[in-house]
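Just one chain is shown here, as structure tokens, and it is the form predicted alone.
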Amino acid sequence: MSKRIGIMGGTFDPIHFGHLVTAEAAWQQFELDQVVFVPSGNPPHKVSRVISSAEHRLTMTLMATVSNPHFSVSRVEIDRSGFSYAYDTVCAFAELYGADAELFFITGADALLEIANWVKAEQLIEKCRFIGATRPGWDIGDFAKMPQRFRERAVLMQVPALAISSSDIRARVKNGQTIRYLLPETVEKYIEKQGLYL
């Protein structure tokens, strides 16, 4: 029987409950065998801001997911040189799990709207399907504006916890505000110990 694998890409700077709730919802709703978190190595869309080191982001992702038996973490993008592109990552997973595996790329619905501009977008949609996580109140009409060939390979999934954001958490740390209950306690303690986002 072929495996159904979710690929959860992201900067994870830091990982938070919005990411974890999204992955769990996708695992259940789409009957996935595994959700693999893939911290980005060198994301081309984040060149304008400083991001934490790959090892910090990997460690926080491992800490946040270790207790869930159907979550795992991959270094595939961190260990790859150059920019991190979804196409290369999906190809790596297709090779790892075999031709009969079904791959689902889990991302935010906002990012999904830009898919036509992604590197090798046409080849990418042949290799996997997309799960676009939406916030409550997200305008579904935006999805209808996507080219049909992309829309046919994607499905939307509402996730209430997506109101939490990594950028808000970083700002809170910088301003001395609490981040408790926005992310796992182990990750909160790691951020504090390493002096991240100050």
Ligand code: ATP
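Each form is matched to the other, and the largest set of C-alpha atoms that superpose within 1.5 Å is called the rigid core. All of these numbers come straight from a predicted model, not from anything done at the bench. All residue numbers are counted from 1 along the displayed sequence.
Heads up, the form predicted together with the named molecule isn't pictured, but that's what we're talking about next.
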Problem set entry | Heavy atom of E102 within 4.5 Å of the named molecule in the model of the complex | no
Exercise. Is there a non-hydrogen atom of K145 within 4.5 angstroms of a non-hydrogen atom of the named molecule in the model of the complex?
Worked result: no
Exercise. Is R170 a contact residue for the named molecule in the model of the complex, using a 4.5 Å heavy atom cut-off?
Worked result: yes
Problem set entry | Contact test in the model of the complex: S74 vs the named molecule, heavy atoms, 4.5 Å | no
For this session: Let me know the one among A154, M63, I164, L32 whose heavy atoms come within 4.5 Å of the named molecule in the model of the complex, would you?
Result: I164
For this session: Quick one: name the residues from 1-27 with any non-hydrogen atom within 4.5 angstroms of the named molecule in the model of the complex.
Result: M8, G9, G10, T11, F12, H16, G18, H19, T22
Exercise. C-alpha of W138: shift of 2 angstroms or more between this form and the one not shown, rigid core aligned?
Worked result: yes
